[in-house]
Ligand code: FBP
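In the block that follows, a single chain appears as structure tokens, in the form predicted alone.
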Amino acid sequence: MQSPLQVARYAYIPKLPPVLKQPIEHVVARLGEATESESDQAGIRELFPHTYGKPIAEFIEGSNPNVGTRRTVGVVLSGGQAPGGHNVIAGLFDGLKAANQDSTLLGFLGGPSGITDDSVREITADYLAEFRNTGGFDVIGSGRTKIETDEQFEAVAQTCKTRGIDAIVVIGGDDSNTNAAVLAEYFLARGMKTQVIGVPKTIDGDLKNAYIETSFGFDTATKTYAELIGNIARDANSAKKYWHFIKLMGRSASHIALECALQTRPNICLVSEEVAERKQTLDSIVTEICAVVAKRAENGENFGVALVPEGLIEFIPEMGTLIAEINDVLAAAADEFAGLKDAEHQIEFMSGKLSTDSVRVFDSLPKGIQAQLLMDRDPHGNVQVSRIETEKLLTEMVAEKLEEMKKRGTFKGKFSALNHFFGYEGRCAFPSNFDSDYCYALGYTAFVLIANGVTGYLASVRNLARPAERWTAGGIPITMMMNLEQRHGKKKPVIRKALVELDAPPFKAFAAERKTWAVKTSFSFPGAIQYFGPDEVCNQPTITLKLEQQG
């Protein structure tokens, strides 16, 4: 059963940059100067001798005699879902078919394992029709498999040879596109024809630079969360008796929390990068929150909204040190730890292995948080911060400190807190008009990059704060975004995550207003994403993007 909105969205025609509106055989890639990686240039060059230093590609009008070649292209969705993924595939499909109707698009099923296992389905016009302009990754499914071992690379090569695959488009985040760069290098080193093109995906907003202005899905996800935050803020202002602590996705960066704060004007928004810059302790964060709660209580307002980034706990220096020590202990004593019969014994075991400073921090935490810090690690061996209920940790510690303040007579109000975590609610929402357009343009761009013969590139659509009629398109070499990071005790090439910059316009705009928002109820209510109506209602990019490109 299709909802009325679903049917209406099928009819939506995504907008393209002007350069991609002309006949596809007239779009060529103009190559600029050689590029360098973000840092660790010598190390990255050594790891990517065939793809390092490639030039930036900008699409211009010209003549490409190779565009009409019959091709077989594979596409894979890698990592977590983000609104607009279906439109990337739609744009890729339409570009491929505009060049040659006999070309074939194969979707690898279930993520990168679909490549290694040779699990595919052909994407046809009829099949794709029911996914255009809709959320989710269910058109072919996604997965988090990393192609790392010699056996996996050999399996990928065999799949490409068996299927005659000319190019693979990897739709994913920083790790997935790092994998795309490694795959491109692998193919070239073995004389294989298969090209690899990446598409920047993550709702977290931390895959960006001057040429990748935003990752797709960030627009829709933040607008979805902002609607929910606005609804809660209105409820708080109506009931006037609860403080709502809302954790938002964003492990490595606070872009989501910052954008939602700009949209909704909460009383408190913690920014992980600022916490790290100020070297704040957990206690100092709690103290600052209590000061806001107490000040509002003096005005008779025993309610409020506080936004908490998912990755906050790792940015608190003492907590970061604690987590690093726990990771080391668990790696070194994995079998012994696994043999412990319950959480109480695990906590006791860990307390005996930590440094003096870290054991003090660990022992100060509620038992539930201690247990969460000891849960199974992610594939990189790191704590799964999304499973740590940071919002509950803060409310417990705030309540405890307020009780102490009440005994001293420095707090005379009331404090009753509710906790929320908004994450999955935003990952598969119907994409906004912006994400529908942007993703379609990215997919179309990915094909034009293939048609121009490049590999190891990331699709780039720019000037995004302006109407689509002013967008430009092209691509950048993935190695340009890389640095070396310590992973499992070894230096690994990875795309550097883009953190919130404290001297950039979005944070400055927030910092200029937050003292007012803390004390004076100033909530803003974005409401639901709109798909029809005037431009100021349905076609606006994020506030972050507009502030970054203001002027």
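Residue indices: 1-based, along the sequence shown. Everything quoted here is computed from the prediction, not taken from an experiment.
The same protein also has a form predicted together with this ligand, omitted here; what follows describes it.
Using a 4.5 Å heavy atom cut-off, are His86, Asn133 and Gly217 all in contact with this ligand in the predicted complex?
-> Judged in the predicted complex, none of His86, Asn133 and Gly217 sits within 4.5 Å of this ligand.
In the predicted complex, which of the stretches 245-253, 105-113, 182-190, 338-346 has residues with heavy atoms within 4.5 Å of this ligand?
-> Heavy atoms within 4.5 Å of this ligand in the predicted complex occur in 245-253.
The single option of Arg144, Arg377, Lys279, Lys412 touching this ligand in the predicted complex, heavy atom within 4.5 Å | Checked against the cut-off, the match is Arg144.
Answer option from Gly95, Gly79, Pro477, Gly304, heavy atom within 4.5 Å of this ligand in the predicted complex = Contact check passes for Gly79.
Using the partner position in the predicted complex, report whether Ser386 sits within 4.5 Å of this ligand, counting heavy atoms only.
-> Heavy-atom contact with this ligand at 4.5 Å: present for Ser386.
4.5 Å heavy atom contact, Glu310 to this ligand in the predicted complex = Answer yes; at least one heavy atom of Glu310 falls within 4.5 Å of this ligand in the predicted complex.
Check whether Arg427 has any heavy atom within 4.5 Å of a heavy atom of this ligand in the predicted complex, and answer yes or no.
-> Yes, Arg427 lies within 4.5 Å of this ligand in the predicted complex.
Wondering, does Asp437 line up within 4.5 Å of this ligand in the predicted complex on heavy atoms?
-> No - in the predicted complex, heavy atoms of Asp437 and this ligand never come within 4.5 Å of each other.
Using a 4.5 Å cut-off on heavy atoms, which residues of 202-218 contact this ligand in the predicted complex?
-> Heavy-atom contacts within 4.5 Å come from Thr202, Ile203, Asp204.
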